[in-house]
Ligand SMILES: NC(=O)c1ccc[n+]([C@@H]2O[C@H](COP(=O)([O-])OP(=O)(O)OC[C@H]3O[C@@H](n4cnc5c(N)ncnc54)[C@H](OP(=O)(O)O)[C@@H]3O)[C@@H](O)[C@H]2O)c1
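Just the one chain here, laid out as structure tokens, in the form predicted on its own.
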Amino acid sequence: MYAYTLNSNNQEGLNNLQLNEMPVPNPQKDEVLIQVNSIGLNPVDYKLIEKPLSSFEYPHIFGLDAAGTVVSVGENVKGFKVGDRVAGHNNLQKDGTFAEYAIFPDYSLAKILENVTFETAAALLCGAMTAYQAIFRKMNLTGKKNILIHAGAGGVGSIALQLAKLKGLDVITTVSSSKKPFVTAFSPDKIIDYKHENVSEEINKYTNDVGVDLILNTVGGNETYLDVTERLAYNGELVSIVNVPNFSDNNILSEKGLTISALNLGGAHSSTSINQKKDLGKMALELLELASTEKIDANITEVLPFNQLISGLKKLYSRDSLGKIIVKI
């Protein structure tokens, strides 16, 4: 099979990623081998290529998300059989999905419904599952009326916008002016151009100085600090994907009754909780069901052939993309 790899621990970066011939792997106990049809590209993919983990064995195959057809199952696998159409978010510690064949732990896979394409399934994994986990697993929605979603045009944000609207929340999002038309399609209640408007001031005006009940932060940096100190309402909650601010020397959390939650979707693979591992497959299936009933759009904006995978990653790296880029084998 052909796969995109770095071939030694002396290599790093997209310019060193190569398409090489590799042996087709054999599934071990509790593992499933799929023939990959569609690959979903994510920012974490190029980040791992730019700075590989010290634990990687080489040559290392990158990629986290894929949809395809089961061609072989290992011992003890009961939920899947040869011929099943499946999709899953893989373990970044292992060889990945930028290949014609890929191994998945069985708990991470979901069967693709008949009216859902491979491309759509591949698009509803890492970013979509992160949005889903934030809103349906992390956030306490009881009594909450509104939410701020940073970077609403991104892979996480564009799904989070739709999920938040499904829950009846008043949705505020931040984007640059060029991306406003894209997010308008998801009917947010307020769009803030973060490059030309002061986000905190706009939120306070919109909420009559009350602040927002919920915030999903995908951008990190000083924005997480401002989310807590200037934007959250009393008893509000921040879910942070990139980094969690430290308020150990600040009484604002107790004074305002605030909650800060960290989110690490792929960390479930390394956990000792089988329930959390199985939840990866469950969340993927629930998203596929929402797509099947046309309650959410996977936001696919580009489908590239396998030989243009690196150019797709470069678009993500330069932030020259909207929605989701899919690679088709």
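Please read all numbers here as calculations on a predicted model, not as lab measurements. We number the residues from 1 along the sequence you see.
A second form of this protein, the form predicted in complex with the named molecule, is not displayed here; the remarks below concern that form.
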Using the partner position in the model of the complex, report whether Asn264 sits within 4.5 Å of the named molecule, counting heavy atoms only.
yes
Since only the chain is shown here, I'm wondering whether Lys314 would be in contact with the named molecule in the model of the complex (any heavy atom pair within 4.5 Å).
no
Can you work out whether Val44 and the named molecule are in contact in the model of the complex, taking contact to mean some heavy atom pair no more than 4.5 Å apart?
yes
Is there a non-hydrogen atom of Val242 within 4.5 angstroms of a non-hydrogen atom of the named molecule in the model of the complex?
yes
Checking Lys94, Lys144, Lys179, Lys111 against the named molecule in the model of the complex, the residue with a non-hydrogen atom inside 4.5 angstroms turns out to be Lys179
Within 4.5 Å of the named molecule in the model of the complex, heavy atoms considered, which of Ile135, Val77, Ala151, Val199?
Ala151
If we take heavy atoms and a 4.5 Å cut-off, which stretch out of 95-103, 203-211, 218-226, 160-168 is in contact with the named molecule in the model of the complex?
218-226
